[in-house]
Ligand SMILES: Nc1ncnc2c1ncn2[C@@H]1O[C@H](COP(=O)(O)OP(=O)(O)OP(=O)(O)O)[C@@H](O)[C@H]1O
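As C-alpha cells, one chain now follows by itself in the form predicted alone.
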C-alpha cells in the first residue's frame, strides 16, 4: 500500500486510466488514490464516468463489447488486469452493490449463504453463523430472523432487498465495497438506514459510493471525487470539496449552478 502525507494508507491507486467504449472515450487520464477504511463518494453529472470508474476497479466492465482499458490500477499492491489475475479472488476482495436491488429468487438465507458456500466451502453451523453475522451487519437481522430460512428475498420491501444485497456481499468478507447509487431507488427511511450502515461499515471496509445526492455525499463521506466529461476534476477531503473547492467547475456543481 502507498502511504500519503496524512499517514492514511492508500488501498487503491489509479494512474493514467483511460477507458473507451469503441470509439467513445468514457474516462480520460484518471489518476487517484483511494484511502483505506474511509468513505469516498463519486459525484458529477450523469454520464460523466463515475459508474465506469467504479466498475473498472473490479472488472465488471469486462463483458462489454468493444471496451478498451489503458493505464495502471493497483488494489492493495496487485494489478487486477495482470495476466493470470484471479478474477474470483478479486470479486471476494472487492464487493459491489448496484443501484437497483437484485436479490436472487430464493430464500433470504440462501441469498446470503451462496457466497460463503462457493468461495470458502462453508457448511452447517459455521455457515449459519456467517449468514446471521452478515444479516446483523446489514441491519436486517431483527426484521427477518423469524422467517429468513423460508421467506423469499423477492418478497422483502425495496429497502430490505437492498440491505439483503449488502448482507450477501458482506458474507464473503470483502475489503473494499463499491456502491453504485445504492439509495436512488429507496424511500427516505430506507435511505437513512443505508447511510447509517455505510458509516458503520467504514471502520472495517473501504467504501466508494456513486451518488447524485450532494447532501448525501457530504453526510456520509470522508473524501469526494468530482467527475465531469470523463475527467477527474477534483478529489480531496469532502469538507474542502463542498466548502472551498479549488476549481470553478466544482464550485458551480456543488452549489447547484449547473449539473
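Numbering follows the first chain given and starts at 1. Just so we're on the same page, rigid core means the largest C-alpha set that superposes within 1.5 Å between forms. Only a predicted model underlies this, so the values are computations on that prediction, with no experimental measurement involved.
Another form, the form predicted together with the named molecule, is not on view; read the next lines as being about it.
Proximity to the named molecule in the predicted complex, taken as heavy atoms within 4.5 Å, picks out 45-53 from the listed stretches 201-209, 218-226, 29-37, 45-53.
For the candidate set 157, 99, 126, 152, a heavy atom within 4.5 Å of the named molecule in the predicted complex is found for exactly one residue, namely 99. Relative to the named molecule in the predicted complex, residues 24, 64 and 181 are all within 4.5 Å by at least one heavy atom.
With the core held fixed, the Cα of residue 100 is displaced between the shown form and the other one by 2 Å or more.
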